[in-house]
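Take a look at this single chain, the form predicted alone, given in structure tokens.
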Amino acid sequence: MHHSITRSTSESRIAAVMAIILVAALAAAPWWGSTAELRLIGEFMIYLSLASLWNLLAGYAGLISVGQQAYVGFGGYMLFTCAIYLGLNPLLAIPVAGVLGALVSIPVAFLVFRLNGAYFAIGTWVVAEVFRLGFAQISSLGGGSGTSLPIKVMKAMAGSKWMREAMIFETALLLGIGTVLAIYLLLRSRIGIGLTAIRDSQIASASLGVRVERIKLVTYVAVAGMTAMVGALIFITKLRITPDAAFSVNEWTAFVIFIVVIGGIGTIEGPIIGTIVFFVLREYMADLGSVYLMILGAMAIAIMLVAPKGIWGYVRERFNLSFFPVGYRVKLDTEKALKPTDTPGGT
């Protein structure tokens, strides 16, 4: 009996082909979709990015943060600063916001990493509140009432409205698909092996030589930078920023946690499934007001009771599916058994 070690599965190969077709169709959306459809798909990509990043942080590195809105808001404010005062093209300001978000997360990490468990979660929320109060004091950015992107800044990005909408949409698509792909490739790397080990057992991974704290720090900084880029994109689409909107715990953290929990934490597929479910529920129930939030909460509790690992976790355990395989699988190839006459001394 021989065996071979592989990562890909038949399901993953089929999923890859379908994903390529879907991405190609979405990339052409500015030519076949309406403005409303482009904004809906763009918003879907934004939440997919935020959910995938939070899942990497909490589901793999074990860092349960409820303060990721700090980097969403920081990225948005850095975009406005670069576009208004430095004259940068708003789209070019997105990676700049990402770099600045990663840099500012380093001293923040040294503070919050001194905390564990629930204290870490509370600490990240406190940091986000400090960010919100800090930016509310900056009068050049509108203080507590916020500010808007000047029309000339948007016109400098592209001449026509259609071109601006198309460029923003393609950027959202690039960030959404790029985030999922980057996380997939990361989890297939040496750091990814360490993250998977930390997800399964932090104590065991540390005993095997995994540099837990270093990997957690790298993950936190990388996620902060990417989250700041997504935040910058969010406020290009909104054209206006205020401290309360930029650092909203409901919009940029609570909904994101809901998406990951119902989809399946600690998996790549989970945030994708969760984002789809969230947008379907929002599309049909958003008009219910506070009742809508109650329904979301009740649904999250029900799913956690029935399927603690989320929708995708339940599907994966029941049907052994994996569209994004990041580990190795041993494939056994059974050979034809030897006949008695083939063995030494056989008759």
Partner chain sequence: MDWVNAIVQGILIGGLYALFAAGLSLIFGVMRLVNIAHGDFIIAAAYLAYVVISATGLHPLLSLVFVVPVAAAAGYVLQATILNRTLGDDLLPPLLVTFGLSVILQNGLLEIFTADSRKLDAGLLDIQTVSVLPGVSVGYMPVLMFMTAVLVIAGLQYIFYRTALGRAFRATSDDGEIAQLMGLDNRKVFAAAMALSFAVIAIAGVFLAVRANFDPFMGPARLIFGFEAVIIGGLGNLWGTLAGGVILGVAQAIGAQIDPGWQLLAGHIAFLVVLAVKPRGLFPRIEG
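Positions refer to the first chain, counted from 1. Every value quoted in this text rests on a predicted model; they were computed, and no experiment measured them.
Keep in mind that the form predicted together with its partner chain is not shown, yet the notes after this line are about it.
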(request) Name the stretch, out of 41 to 49, 22 to 30, 301 to 309, 275 to 283, where some heavy atom lies within 4.5 Å of its partner chain in the predicted bound form. (result) 301 to 309
(message) With the partner left out here, check for me: in the predicted bound form, does some heavy atom of residue 66 sit within 4.5 Å of its partner chain?
(response) yes
(message) in the predicted bound form, is there a heavy atom of its partner chain that lies within 4.5 Å of any heavy atom of residue 178, even though the partner is absent here?
(response) no
(message) Taking its partner chain as it sits in the predicted bound form, is residue 119 near enough to touch it, meaning that at least one heavy atom pair lies within 4.5 angstroms?
(response) yes
(message) Considering non-hydrogen atoms and a 4.5 Å limit, does its partner chain approach residue 258 in the predicted bound form?
(response) yes
(message) Suppose contact means a heavy atom within 4.5 Å; in the predicted bound form, does that hold for all of 114, 126 and 254 with its partner chain?
(response) yes
(message) Going by heavy atom distances of 4.5 angstroms or less, which of 239, 163, 130, 92 would be at the interface with its partner chain in the predicted bound form?
(response) 130
(message) Just to be sure I understand the contacts: of 201, 189, 137, 148, which is the one whose heavy atoms reach within 4.5 angstroms of its partner chain in the predicted bound form?
(response) 137
(message) Do any residues of 273 to 311 have a non-hydrogen atom within 4.5 angstroms of its partner chain in the predicted bound form? If so, which ones, in sequence order?
(response) 290, 291, 293, 294, 297, 298, 301, 304, 305
